[in-house]
Each structure stands twice: as C-alpha cells, then as structure tokens.
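Next up is one chain by itself, shown in structure tokens, the form predicted alone.
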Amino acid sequence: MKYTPTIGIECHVQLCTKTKLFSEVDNDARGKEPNSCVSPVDYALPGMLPRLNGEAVRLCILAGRAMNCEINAISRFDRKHYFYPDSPKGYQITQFYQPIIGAGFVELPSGTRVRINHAHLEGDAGKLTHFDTYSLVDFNRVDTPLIEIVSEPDIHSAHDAHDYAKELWRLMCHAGITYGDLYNGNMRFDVNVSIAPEGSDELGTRAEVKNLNSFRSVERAVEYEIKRQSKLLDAGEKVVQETRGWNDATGETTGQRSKEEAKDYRYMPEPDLPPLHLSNEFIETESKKLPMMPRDYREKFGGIIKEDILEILLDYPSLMIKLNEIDEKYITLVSNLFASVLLAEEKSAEYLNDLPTSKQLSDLAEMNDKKELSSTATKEVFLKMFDPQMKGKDAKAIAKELGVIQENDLGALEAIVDTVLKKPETQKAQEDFRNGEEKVIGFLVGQVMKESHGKANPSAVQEILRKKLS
C-alpha cells in the first residue's frame, strides 16, 4: 500500500540567559565540572522558592515574534509531576494550560508553511550519564530556561522535517535567544511520526522519537520510521504508540516505553509562582528589538547573492549582520569571500567572533573593483585581515605590506610589455599570434607578469599586447 506520512516536531530551545530560570546561578555550564552550577533552589531543598528570570520572559517574546506568533499577555506556570533521578523536585515547572507564546508559523526556504501550535517556557531537567552497572547525575542543567516549541502536524516528508528543524534553528540563532550549540544540546528535537493509507481522513498511530540533536538525525529518523511503520502495516500488524530512541550509528530507532498521556503527569497550578501579566506596551517594546530574520535577508539579498551561497551564509548570523553593513555594489564579492574563503579555513569558528569592520571589507572590495588587486590577491588580503598583527589596518596598507597591489599605470605597463617583446624567447610566440594562434597570448601575458614580479594587471597587459601585436 501507499502511505501518507504526517510529522509533528517538538523542539526544546535552551535560552542564553546569564542565570537560570528560577535561581541566580550561571546558566552556561558548557565545559564546566558536573554539579558546579547549582543552587539550593535547583536541589529543591526544603523552603527554597523559585524566582522568575525576567530576561527569559523577554527572550520568549523575541522567539515568538521570530515565528510570527502571538504573545499572550497572561500566562501561568504549572507543575508536571514525574519521578526520575534527573529531577530533584519530583516535578518540572512548565506552562501546560496557559503558555506565553501562542499560535504562529515558520516558513521554509521552499515556501511551505509549518504552523506553530504554541511554545511554552519551562525549566530543564538534569543530565544522566549511564555506565554498565550504575548511572551518574549532573544537575548543572536543572532549571536551565527552555522554550518548548510545538508544531502542528503539517510536515509530510523527511526532507521537510530536516528543513523545518534547520529553519527553526536559524530563527532562534538570528533572534539571539540561544547559543544554538547542537552538540551541547542547546536545541533538541522530538519527532512524532505516523503514517496512514493514502487518501485516508484519519491519522495513523504515532511514534515519538526523542532527543535528536542534528538536522540530519531528524531526517534519517523520519525516513526510518516511515519504512518501519509501513512494513508493520503491510504485514497486517499495528503500530504501537510509544516513545522511541534513535541510534545514530545504526540509523535505527528502538522502543523505550509506551507513551504517557497528560493525565499521568498530574498537572496542577504552580503555587510558588504567580500568573505572569505582561502589558501590551512591554510586549510591543520588546518585539521591536527583533533583529533581521532569515526571511528579511532572503528578501533583501535574493537578487544579489546566489541562492546556494545565501543559504550557506544564513547559518551564520554574524556574517549576515556584517553583510547588511556593506555597500550593495560590493555584496556579491564579500559574500563570496565569506562563503568560499573564510568558511573553508580551519580557524573559521574563531574568525567568526572577530570579523573585519565593514569599512575594511568595503575598501578591499573597492580595490578589487578598481583592478588594484587580482582575485587571488584579494583573497590573500582578506585572510590577512584576521591576523592579530594586522588588526585595525586598512586593506590598502595590508596589500602594500604583502606587495600584491597591481600595476595599472598604462605607461609603466607599456614599457614592461616592450621589454618582453624584445626578448628572443618571445619572438616565436609573437609570430604564432600574428598567424592566428590565439592561445599563445597566455604565454606572453605570463612573461609580462614574470617581468613585473606579478604586479601587472593581466587584463590591461593583454589589451596592450593585442594592440601592439596587431
């Protein structure tokens, strides 16, 4: 039988606040010792009360606006009860009934829209590390502020699932609400997959694949689930509603536990936090702070930067911000330098934190435009801008120091050409050119470049040679 897949994705996004959601403790535990970023509030010691982080609320507004969502003026917190070693309270403080972010949508690069049901603010659980005969728990991540973004089941292919996860990541990074470090779990995806016979009005039984932390894993897990569920239905068996884990090495999902329903968590209003009331003025003020989003850059640069290059650069908000500061006539050159030169460097991640100024980049592009630098020299000067010893120097000063400025003085070039044409080793090439052998012009240009120590403008040299030889 042919089946139609239906996919919904829940995404947990760690907010990049300085402190945790309910306590004044360092929120960025990357590279830190286990259980070093904790407080009595995180341990849930008796008498310890949570205090809401206002910056997390502000970031929720930016996240919502990035996804074209409504922001709810009134929201409140609830307790979600479950007992597991990574949750010292025995419950999670979340928003089940009245979330802060309402309905909206994410538009994929293809133009497909995936509706957002809502997104709620909550504290994260700790991290368990399992060994052969025991497990260790790290509470550093407890009450790290998260927003959980819940999509509608609008996705119908593994490819679109990949694109949705990536576009969501881009939106959150450009909005500045998360570090976006997938390796360290700053964004994690839970993917719900079901299939139904083609043309059916009812959805099939879904399986949820938990804790995927890469776009490729999202795509592969969806592909695997579609095949697995199709085989079951083709064999006359039923798909069981359950939570499944993903093994990136084998490319397979495995069953973990039957899926709990909401009632199993015994949701109740959080008694230690009052409802959150946001004024319309506050919501509007914070909404205006949303920077340019991928959709804005696509609209602005769509006819200037090649689509494949633009899609690469959109993964790097700092590069897009810098491009937005460059004169439009230099955008193509600078975007190509970013995509083909900078990102190809081993130290590209380090370089992204300290980009040249927009004036340095514009001056470099102008020198290239005026034929003062060859394309090779332009790349050489560009990379030299990241050298700490060259910091603050303008493009011309760096080019002079490297000795790569092209000679454009026609009188000086003519003199060099004349010198080359008088040499015995060029006589045969000159005769061949006059007899119609065009390709020898390259040899003659090369001889002039050699005579000028690589500083002559090749296009100007070729023009002078053709004029003299004809």
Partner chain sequence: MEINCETIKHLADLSNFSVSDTQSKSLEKDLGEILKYISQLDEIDVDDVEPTYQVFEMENVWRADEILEQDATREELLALSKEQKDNQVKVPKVL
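Residue numbers count along the first chain shown, from 1. Take the two forms, find the largest set of C-alpha atoms that superpose within 1.5 Å, and that set is the rigid core. Every value quoted in this text rests on a predicted model; they were computed, and no experiment measured them.
As for the form predicted in complex with its partner chain, it is not shown, yet the points below apply to it.
With a 4.5 Å cutoff on heavy atoms, Y183 does not count as touching its partner chain in the predicted bound form; it lies far away. Though the partner is left out of this view, E33 does reach within 4.5 Å of its partner chain in the predicted bound form, counting heavy atoms only. Interface membership of K18, defined by any non-hydrogen atom within 4.5 Å of its partner chain in the predicted bound form, is confirmed.
Not displayed here, its partner chain is kept clear of R295 by more than 4.5 Å at the level of heavy atoms in the predicted bound form. The putative spot formed by E202, V239 and G255 is not touched by its partner chain in the predicted bound form; no residue has a non-hydrogen atom within 4.5 angstroms of it. Screening 150-158, 183-191, 77-85, 105-113 for residues having heavy atoms within 4.5 Å of its partner chain in the predicted bound form returns a single hit, 77-85. For the residues V137, L233, I331, L352, the 4.5 Å heavy atom test against its partner chain in the predicted bound form is passed only by V137.
Q98 is the sole member of Q98, Q92, S358, N336 with a non-hydrogen atom lying within 4.5 angstroms of its partner chain in the predicted bound form. Residues of 25-42 lying near its partner chain in the predicted bound form, listed in sequence order, are V25, D26, E33, P34, N35, S36, V38, S39, P40, the criterion being any heavy atom within 4.5 Å.
With the core held fixed between this form and the one not shown, D132 has its Cα displaced by at least 2 Å.
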